[in-house]
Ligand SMILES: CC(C)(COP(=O)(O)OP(=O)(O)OC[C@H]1O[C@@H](n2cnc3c(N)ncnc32)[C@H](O)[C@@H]1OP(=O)(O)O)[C@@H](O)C(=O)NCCC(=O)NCCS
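The data below hold one chain only, encoded as structure tokens and taken in the form predicted on its own.
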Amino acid sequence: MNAWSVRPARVEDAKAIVGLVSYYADKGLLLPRSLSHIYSHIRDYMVAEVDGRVVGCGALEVVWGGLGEVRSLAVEEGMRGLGIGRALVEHLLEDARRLGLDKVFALTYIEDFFEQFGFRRVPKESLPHKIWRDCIHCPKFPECDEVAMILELT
């Protein structure tokens, strides 16, 4: 297998990002994202690619003041376990620091993965209400079973 690399997403990556996110959304592991949403938030995304093919993605959304969210983290099933997810998160956290964010959170089912970066579990209620704007669109609302995790960057 050829080496993979991580880079900021480009407009032509949008359909591949939708495909990756949709795969996990269909399994109830991510919130679905429309092509329109991806296009309008393309600057938030990083992608991993092999030979020009997008095999992973993740986004950093600035939520409020010094708070950001790692979201839509997805790696193609056959490419998992190669460090792609880790590299994506490292790039997103580097971007968070560049932007001057104080904290980054994630809502996740893979708590141990985020613990590798120093994220710690927090009560969902401790996060600002502004983050719940997407929750109303989730099929699991209001019985969310994701774990809220936060990383202090400062």
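Note that residue numbering follows the sequence shown and begins at 1. Small disclaimer: the values here were computed from a predicted structure and weren't measured.
Heads up, the form predicted in complex with the ligand isn't pictured, but that's what we're talking about next.
For the three residues 97, 102 and 118, a heavy atom within 4.5 Å of the ligand turns up in the model of the complex in no case. For the candidate set 92, 38, 30, 54, a heavy atom within 4.5 Å of the ligand in the model of the complex is found for exactly one residue, namely 30. Proximity to the ligand in the model of the complex, taken as heavy atoms within 4.5 Å, picks out 83 to 91 from the listed stretches 59 to 67, 83 to 91, 38 to 46, 119 to 127.
For the chain shown alone, residue 50 is not a contact residue for the ligand in the model of the complex, no non-hydrogen atom being within 4.5 angstroms.
Heavy atoms closer than or equal to 4.5 Å to the ligand in the model of the complex belong, across 92 to 126, to the residues 107, 108, 110, 112, 113, 114, 116, ordered by sequence position.
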